[in-house]
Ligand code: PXL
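What follows is one chain in structure tokens, specifically the form predicted on its own.
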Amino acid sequence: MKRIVTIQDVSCVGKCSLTVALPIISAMGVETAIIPTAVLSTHTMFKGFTFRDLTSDIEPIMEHWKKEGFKFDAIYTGYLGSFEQIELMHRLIREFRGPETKVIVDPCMADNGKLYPGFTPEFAKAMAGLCAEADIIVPNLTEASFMLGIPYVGSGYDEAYIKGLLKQLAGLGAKQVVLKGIEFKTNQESLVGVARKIGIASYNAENGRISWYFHRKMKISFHGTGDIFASVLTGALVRGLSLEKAYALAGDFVVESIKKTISHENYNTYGVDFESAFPMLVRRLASEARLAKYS
């Protein structure tokens, strides 16, 4: 069985970070090891949450794993809460990366033009340094802007702008870039009944290939969907899907999870019902496996 290690925080209530990554990657048929960076009573959408930093536990966990000789098919980092944790991830990647190990960095630190509370432009630069270690990075437009030190452009951009952004992000050092949350303005948006589209663009620094995938934009957004996207992407890559198929599956799974959520009369606003979307995820993985077998 393939094995991924993912490093991010635990929110005891609220669907994000490890409480998303662990069940999703496990459902995809991949063993999931974890290093929790902190424990929170709830995620940060709630007021008055408790927080316990676990930075001091990370190095002893790594040392024990080295003695046991554990190997990983992928290293996937999510929300990291300090400069020290970023430095520890540099070390973890150096010490546990094998010839075939994929390193995926999701620079969870910003959205909608703003850094999350507690983060600074200096932290964004440190995160850009971690992205240099990655095979694949998965930023949104806000995170991309902060890591590159350029003004955030949230709307009115064109395809040329996104292509330029992808190449600048690859310039940080990652082999491949997956950029989330792209939405081009069209004349159709004013038409009644025309669904808006939001999507993903990727760039392969080795061959210069740019690819796109757009799906329906849901009218409501939820906390944690970025973590769901990155988790599905990572699991799919380890299961052997191409990057393009992996991020298409991840985007479609997020949409399906939101649909399942809003189908409930009294749904929770703090996280999506991704559990009810698992049958779709498993079917798609099985279908891709059959296609690969006979291709």
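From 1 onward, residues are counted along the sequence shown. Keep in mind that this is a model prediction, so the values were computed, not measured.
One more form of this protein, predicted in complex with the ligand, exists but is not displayed; see below.
- Against the ligand in the predicted complex, the set Asp9, Thr44 and Cys108 is in full contact: each member has a heavy atom within 4.5 Å.
- Within 4.5 Å of any heavy atom of the ligand in the predicted complex lies no heavy atom of Lys102.
- Among residues of the shown chain, Gly224 is one whose heavy atoms approach the ligand to within 4.5 Å in the predicted complex.
- The closest non-hydrogen atom of Val272 lies beyond 4.5 Å of the ligand in the predicted complex.
- For the chain shown alone, Cys16 is a contact residue for the ligand in the predicted complex, at least one non-hydrogen atom being within 4.5 angstroms.
- Remark: of stretches 89 to 97, 108 to 116, 165 to 173, 147 to 155, the one touching the ligand in the predicted complex is 108 to 116 (heavy atom within 4.5 Å).
- A heavy atom within 4.5 Å of the ligand in the predicted complex is found for exactly one of Met28, Ile35, Ala246, Leu40: Leu40.
- Taking a 4.5 Å heavy atom cutoff to the ligand in the predicted complex, the contact residue among Phe72, Tyr79, Phe123, Tyr203 is Tyr79.
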